[in-house]
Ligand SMILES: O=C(O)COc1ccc(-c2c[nH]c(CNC(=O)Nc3ncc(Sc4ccccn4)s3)n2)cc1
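Next up: just one chain, as structure tokens, the form predicted alone.
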């Protein structure tokens, strides 16, 4: 099995989650400088914006970084053109099958790592030439699938021969160690990086994460076919109320219009769409991105050193 760090060109086997309107050059460069793979999220953005972000990231780091492309974006072909022309080291994809784009990206020297939520898609992207996959469980923030990380990861690992990174519900060394026990060779982490010093979200957004408890998130939008995990607030309750009434998708979408920007830019904790994973209740402090990475992997080492205490005396793992 190929080492994930060799695939990504990183010191640590960790990818920063692609958070739309949030993951831009400052956070991406900080994560890459810290030994992980920083990601620029191109979802909802223009090709010109993406090209400028790539340029700025290269000015801030000489380490590998990546771009995430949402395949449902209306300008997806333009975004693919940009990453190919700029020869971005790594591209992650979401919201669909990137199969028709993979060969072109690989011809440009790009490592392709789709984010998937089921075995069927994992097999399809592997056949199309993906270098690795991120198996993302429903514990994750933002757009989610239905299967939990604990159940999803080992099934993906058993199905494919390429490296698997786990995502969803991972915020510290315990989560990383657990992912490895499930067969993953790396992780993708989003929510914890929301409170990185270099993350551009408004203070109100960060405070919502830092104040969160174990039960503070909810999945909205199930009735639309596109569930999204967010922090419970007035907006989330309004969306759920509309869904309970079986209101039209158009009415729900109208209510949600502009709410992500309200959260990210204005820090609106009541009417902003504060996307977050279920592990928000474990996130307790702001830190530099590099410190977050170092702390998590130091915890992994401590857990690994303690592995022989799993079994009874005289047995080892």
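Residue numbers count along the first chain shown, from 1. Only a predicted model underlies this, so the values are computations on that prediction, with no experimental measurement involved.
Quick note: we don't show the form predicted in complex with this ligand, though the next part is all about it.
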**Request:** Consider the chain as shown here, without its partner, and state which of 143, 185, 111, 192 has a heavy atom within 4.5 Å of this ligand in the predicted complex.
**Result:** 143
**Asked** Just one of 91, 156, 179, 115 has a heavy atom within 4.5 angstroms of this ligand in the predicted complex, so which one?
**Response** 115
**Item:** Residue stretch of 209-217, 196-204, 118-126, 83-91 approaching this ligand in the predicted complex, non-hydrogen atom distance within 4.5 Å
**Value:** 118-126
**Message:** in the predicted complex, is there a heavy atom of this ligand that lies within 4.5 Å of any heavy atom of residue 275, even though the partner is absent here?
**Reply:** yes
**Prompt:** Does residue 279 make contact with this ligand in the predicted complex, using a 4.5 Å heavy atom cut-off?
**Reply:** no
**Item:** in the predicted complex, residue 231 touching this ligand (heavy atom, 4.5 Å)
**Value:** no
**Request:** Indicate whether this ligand has at least one heavy atom within 4.5 Å of a heavy atom of residue 303 in the predicted complex.
**Result:** no
**Prompt:** Heavy atom within 4.5 Å of this ligand in the predicted complex: which residues of 46-73 qualify?
**Reply:** 70, 72
